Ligand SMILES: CC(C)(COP(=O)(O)OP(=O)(O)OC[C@H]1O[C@@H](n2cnc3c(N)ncnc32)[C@H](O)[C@@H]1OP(=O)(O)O)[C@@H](O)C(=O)NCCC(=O)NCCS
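Let's start with one chain on its own, the form predicted alone, as structure tokens.
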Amino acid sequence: MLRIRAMTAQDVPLGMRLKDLAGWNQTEADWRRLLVLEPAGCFVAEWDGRPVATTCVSVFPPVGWVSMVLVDPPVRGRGIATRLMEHGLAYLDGRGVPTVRLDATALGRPVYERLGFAAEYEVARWEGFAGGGPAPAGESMPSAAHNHASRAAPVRAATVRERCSCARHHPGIAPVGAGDAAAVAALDAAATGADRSRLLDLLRQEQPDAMKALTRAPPDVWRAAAGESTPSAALGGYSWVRPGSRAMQIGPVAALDDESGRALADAALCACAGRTVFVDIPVPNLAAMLWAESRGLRVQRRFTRMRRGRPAPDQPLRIWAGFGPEKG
């Protein structure tokens, strides 16, 4: 009855249908990126020959990340998610991955606990209008239930940016150049406890100007640096934003200190001016949580970050926004 096979690009429409039924924010680009990162680690479950469920695993040494565990509602309760998880975990075990992590919804958490996962900390998804506070009269903020970026007309960005309190960007924030890729990857690894350099390279290739880095050196120093807009030695953090199917997603954002984190998060928020945004923040990072509240965002839901195997040496206080539940 149940058959598990490798996922291919031809299965992306299936993934999009299942994530739409779940109300998630991923796009086709997110699915295709998962297939590029781990071609042999994405799986589809078929029930009586019909594809009904998915899961993907990605390896960011020494961490394996599990995501996109989705089951068609008519066939839930038949153990399909558990079988898919077991299949994905066997793949990671075969790769010798010592730590497996995931961000669990309330629905999925009992499944993961039965498979040996333990809770580490919570991640809060903040939602709001990227305009320095609540949407003004006549520009109501669409709810998460119906705010599809492809259908909702954004408020004129220039108008919102004029009243956005974060419009005055830190002078050291600039697009990440090729010469800074290694420094960004090292900073990300220090924050997350994983080597996500392949992921970061893909993001820069997809949207070269969307990834920003902040240098803490004085402006005359970083402007004078030969061939570099953000000298690696002075890197204070980086950020990225991307369009989702329901809202703009801010993240990942990682910073060495709270001042850098606020500056990068503010710049990312202004880059989304006039649209609804999602930001996934580790609850232990109180400074980031207070930043989100001060910008008029509200907690939409919470995930539980869970682990199987060795602890990952991450630093949640340096994580101002995660990429999202599919890549940590």
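Model, not experiment: these values are computed from the prediction. Residue positions are given as counts along the sequence shown, with the first one as 1.
Omitted here: the form predicted in complex with the named molecule. The next part is about that form.
J.: Is residue 78 part of the interface with the named molecule in the predicted bound form - any heavy atom within 4.5 Å?
T.: Judged by the heavy-atom cut-off of 4.5 Å, residue 78 is in contact with the named molecule in the predicted bound form.
J.: Just checking whether residue 108 would be counted as a contact of the named molecule in the predicted bound form - the rule being heavy atoms within 4.5 angstroms.
T.: Contact check for residue 108: yes, within 4.5 Å of the named molecule in the predicted bound form.
J.: Is residue 87 one of the residues lying within 4.5 Å of the named molecule in the predicted bound form, judged by heavy atom distances?
T.: So residue 87 does not count as contacting the named molecule.
J.: My question is simply whether residue 71 lines the interface with the named molecule in the predicted bound form - judged by any non-hydrogen atom within 4.5 Å.
T.: Judged by the heavy-atom cut-off of 4.5 Å, residue 71 is in contact with the named molecule in the predicted bound form.
J.: Considering the named molecule in the predicted bound form, find the one stretch among 190 to 198, 99 to 107, 116 to 124, 176 to 184 with heavy atoms no farther than 4.5 Å from it.
T.: Selected range: 99 to 107.
J.: Along 1 to 38, which positions have a non-hydrogen atom within 4.5 Å of the named molecule in the predicted bound form?
T.: Residues within 4.5 Å: 22, 24.
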